[in-house]
Every structure is written in C-alpha cells, then in structure tokens.
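In the block that follows, a single chain appears as structure tokens, in the form predicted on its own.
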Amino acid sequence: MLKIKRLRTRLMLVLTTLLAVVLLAVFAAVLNTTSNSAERQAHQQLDVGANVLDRLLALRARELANAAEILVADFGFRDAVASGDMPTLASALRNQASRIGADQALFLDTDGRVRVTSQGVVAGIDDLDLQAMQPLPQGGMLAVLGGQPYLLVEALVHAPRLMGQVVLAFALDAELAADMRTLTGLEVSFVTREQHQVVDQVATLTDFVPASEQHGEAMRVLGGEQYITTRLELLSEAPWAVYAEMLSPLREALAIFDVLKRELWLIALLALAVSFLAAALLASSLSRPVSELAAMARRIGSGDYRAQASLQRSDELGLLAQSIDQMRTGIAEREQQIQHNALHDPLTGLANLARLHGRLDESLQARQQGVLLLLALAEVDAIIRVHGQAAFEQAIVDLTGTLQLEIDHSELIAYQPGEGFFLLLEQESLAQAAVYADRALELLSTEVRMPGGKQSLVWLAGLVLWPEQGHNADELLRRVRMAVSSAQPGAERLAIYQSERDQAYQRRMQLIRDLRHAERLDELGVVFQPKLCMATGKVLAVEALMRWRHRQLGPIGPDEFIGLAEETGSIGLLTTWMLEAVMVQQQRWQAAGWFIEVAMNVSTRDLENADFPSQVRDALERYQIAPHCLSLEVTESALMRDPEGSIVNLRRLRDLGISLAVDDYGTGYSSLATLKSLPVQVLKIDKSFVLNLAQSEDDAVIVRSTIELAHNMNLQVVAEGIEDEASLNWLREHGCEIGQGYFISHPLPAVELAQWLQAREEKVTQGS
C-alpha cells in the first residue's frame, strides 16, 4: 500500500475527498428535496385542477341556465310555443345553442316528450335517451344521454300557462378535456361506466387507460411515464358512473429543477478543482461552511425551512449557499401558500372545512368536550338572484368582521361556502353554547349593505355536542348540518341535534332556547298566593309567583325553568318582567281602592347586579307605587353565595323603604352572625318543616325554635306550606304572625284573587 509521507499531499487528498463526499451528500439531499417538492407540486396541480373543473362546470351551468332563462323569457319564443310553430322553435333553439356553445337544445312538452331540438323538429316521441341524472353542487345536473355524459340545465316555458320546458346540454367531450388541459397543464379524461364496463371515454392522453378502481390520489405509469392521478366522481347512480380523471406528469414537475441540478454539478466540480489547488489555505476553513451547507440541505430535505444560509463568501461555497437559500426560500413560500390555501377560505380568510375537521379530530383525540355550532343563511339563492354574487360575498365579508370582533369565546371560526359559519366552542356546555348561538344570530341578523339599500338577513343555527353526540369529525359535521336543517326562521331559528334516546335532555335544551323568547311570545304569567295574618284573620299581603305556559310543552313548573334561567344568565330578564308585572297589577289594584303588599322572589344573580336597586327604585317611581307595598324575598342559599355583596344591595333596597324577607329559611347553611347582619324584617320558614307540622314532633321543635329565634332578633315570622287546620292553629298558638299555604288558598290569577279577597273580608266581618 502506497504511503503518502507529505502532510500537504495527505491533507489535500483528505480535504479533496472529504469535500467530494460532502458535495455528494448535499447534492443527494437537494435531489431528494427537489423530488419531494416536485411531487408536492404535482399534488397541488391536481388540487388546482379539481377546483378549476368545479369552477368550469359551475360557469358552464350558469351560462346554460342564463341562456335558458333568456330564451324562455323571449316573447317571440313563447309566442312560437303557444302557437306550435315548430320550425321557429327549432331555429331559436339552434341559434341559442350556437351562441353559447351548447351541444344540444331541446324543447319538451308538458308530457315530457321531445318536440323540437336544435337539429330540427322531431316526431314527438320520447327520444331523450336518459340513463342517469344527478344534481351538481355547482348548479345544473349531470346526466348520461345515449351513453354519453352531459351537463344539463332546464327552464320552464309559460305562455302564460305552462307549455313545456327547454333543456340545454353541454357535452363532457374531448373539447372540454382539451380546455381543461390548457387551463391546468394536466392530462384530463372523462370516463362513463355502466357497472364495470366503460361505455364512453375522452382523454387528452393518447395512451390513457381508465383505472379499474381508485380512491384518492395514486401513482400510475402510462406510456412509460409516471403520473400522479386523482379521480373526481361527477355522477354515481347505479349502474352508471361518470368521473373525471386528472393526471399530473412527474417529468414536467422535475424539469424545473434541471437547471438547479446542472448548477449544483458545476459548483461541485469547481469546488473540487479549487480545493485541490488551494487545500493548504482552505484546510482550516473548509470543513465548517461545508458542514453548514450539508446540515441546511438536510433540514430542507426534512421540511425545515427556517434556517438561512449566512455564508459571507464569494467563492463556489458562497454561490452554493445562495442557490440553496434561494431554493429554500422558494420552496418555503410555495409550501406556506399551499398550506394556507388548503386551510383557509379565500373569501373571508377564515379557517375552512379542512382545518375545522382537523381541529375537531384533535379535540376528540385529546378527550375534550365542546359544542360545534353552524350558522347558516336562509334563502341564499334568493339573495344572490336579487342582489348578485358580488353583493352577497361583500355581505359575508362584513359579517365575518363582526363575528371576529364580537365572538371571543370561540376557539375557531370557520367558513364554508354554501353552508355558513362554523364556531368551535371547546369546554362549553350545550346550555351556554345555546346562549352564545342566540347572541351570534343577533349579530348576524343586523342590517347589511346591499345594492338596493340595507337589508336584514335571516340566519339559522344548529348545535351538536361532542363527544356525547359524535365521536369523529365527519359525524359531528353531518349532525350539525342535520340540526341546522331543522331550524326555522323565528322562534325556531336555533336547533339542537335531536337524539330520540334522551327526550328529557332535548326538553331541557328546548326550554333553554325558548326561555329568552317567552316574554315576546306572551307565554309568561303571574299568580298571587294570599298571606294570612294569624291574629286578625285578614289578608294584607300576597306573594307573586311566575308561571310559564309553553306554546308546545304546556305549563312549565317554576322548579324546572327558574334553575335553567339562573344557569344560562336569563334570570335577569325574568326578574325584570316580573317586577313590571307586579307594578302594573299594583297600579290597577290601587286604582280600584285595594292597597296590599305584594312579595316577589329575587335570585342570586339579581343580588350580584349592582344596578338592581336602581332598577327597583325606577319601577316604583314610574308606576307611583309606595315602597312599603313591595316586598322582596331572597333565599337563604342566595345570601350565602356572596354575603358581603348581597348585604350591600339589600341595604340599598331597605333604604328605599322596601320590606325584605329571608325565604326558605332552614334549608341553607347561613350562620346566626350572617343572619344578624342582614337588613331584613321577615324570616320565612321553609315549607318542608311546615307540611307535617301536626304529625312530626321533630318539625315542631325546629319551627318553635325558629319562631323564638326570629322574635328574639325582632323579625316577623312567615310560615309557608300550611295544608291543614291543625298546622294553622299550632302556628297561631306559638306566635307565628303570617301563614301561607294551600289550606288558606292556592295561587290565584289577579281576577280570582280579587273575588277571593272580597269573600274573605266578608267572612271575617261576619265572624267578628
């Protein structure tokens, strides 16, 4: 073995060999990157081609539809139809088909028989050889006529009664395939199958052979050349199927990198020559930049484009660094743009259905819960017909800004053309999501600018809860679409996915949805239960109780809907309504000479509202009701939620001259210290201790102790739940001042209460 003694020679050989190896590694990494990039570009071209085909078919469908509408609107054409002038009809059909490039134009009578075509008058037999037909999302219908695929649109002819219909057809033929190839640079074919037999095919590729089965994108070899292909199903109606197959040649995608490869080879050769001549000078500085370039090439090959080549050199390595950096920048920009377009809607800039699908999958895999909300615009087609596509899209853009500004509780807002806005509400209950949905509907229902002025749009909402109502993204999307399809304008504008296995849950959601509209629909009512003075036998006060008669479900008990109102934040609306109803009734009674105290319940949320005392004061002043004619009852549990804040508002109410009572005493956990600090005048014993008072010694001990405690604290005692005479007499004997219960009277409407009070007063007068 030859031993090289000179260090310079050895170093030159080592450096030269090392440089050659490194350059080969760089070239291999770049080659791998270019191959991957070429495949990605091919995939991108297929996606673009699919979109172009959709747009092209939609454009052709609109052209045909417009032409058909223009034709049937023509007075001369309708006159010819009415008079049966078949030659004139044939001429009109032929001219219109020629003008818009339609392959066929036909006139069918009301029995569906072809009477005239663009080729002339026919005998009137049903020679429209229609094997299959399917509506297209882009508009129009795809049909198989005589074994060939056509794009069809139809328009009815009224002259003035219905006389028939015009059908315009555009063939999916070689001319369309050639147009697609010109627009996209892809090889395109249209294949029609009956069962598994190809009955018609057109293709831009001479050696094209239809694939027997294909799902998604695939790699095929045709004519000795590799293609990445995708199949787009256009019609599927057994036994017929029509699909478009697009082929992106890898050779063309790789051709754009040939110059780069030649430059890399040239740079590699120059670097080897220079390294051999100047190895002594480059030995100390050659390894570092080459290693950096190799590392960068590997990062590019792995898809990491963040690193930037920073070699400040003017030699071959600097040129190589610049080329790689330019390549890195170009590939990164293209991939970023492709990724953005793949996950965002081009009109609104919001996430699209693909990104929403991925986010749902992530949330489900993370075992999170949430609600998917779909906001859909009603009568989209009518709006577009009246105002145009541009005005409609501008309205959507304006509403997008409103949603992004006002809806801050959504993890993701997405938009899908033809469907609407999707809101992803993670970690939210269905009850709270219903409130958010109602708010979103209010935002979207505001007036938007249209060519003829401002117009309010009608939006509908559908909700679905995961994971309870769906375990994958496709299932959730399908079910939220089902939910929104069952929504109706008006009170039914919000719909929740229905599950027949849980009727109680659906009832709860319906109540939450409808509770906010109960006042507007005049479903709320109020009844009054008398309070008996034990000492005199007279009734000087009543308690106002809210009632809800749902238009579909009938009477809803307070125990059911009051809790829902507090949970969803609607209790403030109910309290406001109740206060107004009490004030109105007090005004009526006082006008009739009745002066009686009316008590009403207030909730925890009312006490937490700093504006509530001002609201009560304003209502008293507006209706000119004396404060001592109103009493407010607060549950013991509500006081314990925020004792300090509750006491502040209670004192403000007491300063107005309003009587205050602790309701349901004995069921909470209030301390004597808290009770002592409350500015209340009345202690109301919960009915659970009074119902069996005459039979239960334990209840008697509790009630007797409570009465003594209240009297020691200078509080008046009210006992509710009196249902027999024995309990009434026991309470009177032990010093209870006020009694309330079914034994005295059931809650009564205002009219019946007046009659009851009059009868009671007469009874007391006669007894005295």
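A quick note: this is a predicted structure, and the numbers were derived from the prediction, not measured. Residue indices: 1-based, along the sequence shown.
One more form of this protein exists, namely the form predicted in complex with a small molecule; it is left out here, but the text below deals with it.
Taking non-hydrogen atoms only, Ile722 approaches the small molecule to within 4.5 angstroms in the predicted bound form.
Taking non-hydrogen atoms only, Pro749 never approaches the small molecule to within 4.5 angstroms in the predicted bound form. The closest heavy atom approach of Leu145 to the small molecule in the predicted bound form falls outside 4.5 Å. Although the partner is absent here, Asp438 sits far enough away that none of its heavy atoms falls within 4.5 Å of the small molecule in the predicted bound form. Residues of just one listed stretch (178-186, 613-621, 541-549, 443-451) have heavy atoms within 4.5 Å of the small molecule in the predicted bound form: 541-549. Contact annotation: of the candidates Arg193, His357, Lys687, Arg115, the single residue with a non-hydrogen atom within 4.5 angstroms of the small molecule in the predicted bound form is Lys687. Interface residue among Leu247, Val602, Leu375, Val157 relative to the small molecule in the predicted bound form, by the heavy atom within 4.5 Å criterion: Val602. Candidate site formed by Glu39, Met296 and Glu333: none of these residues places a non-hydrogen atom within 4.5 angstroms of the small molecule in the predicted bound form.
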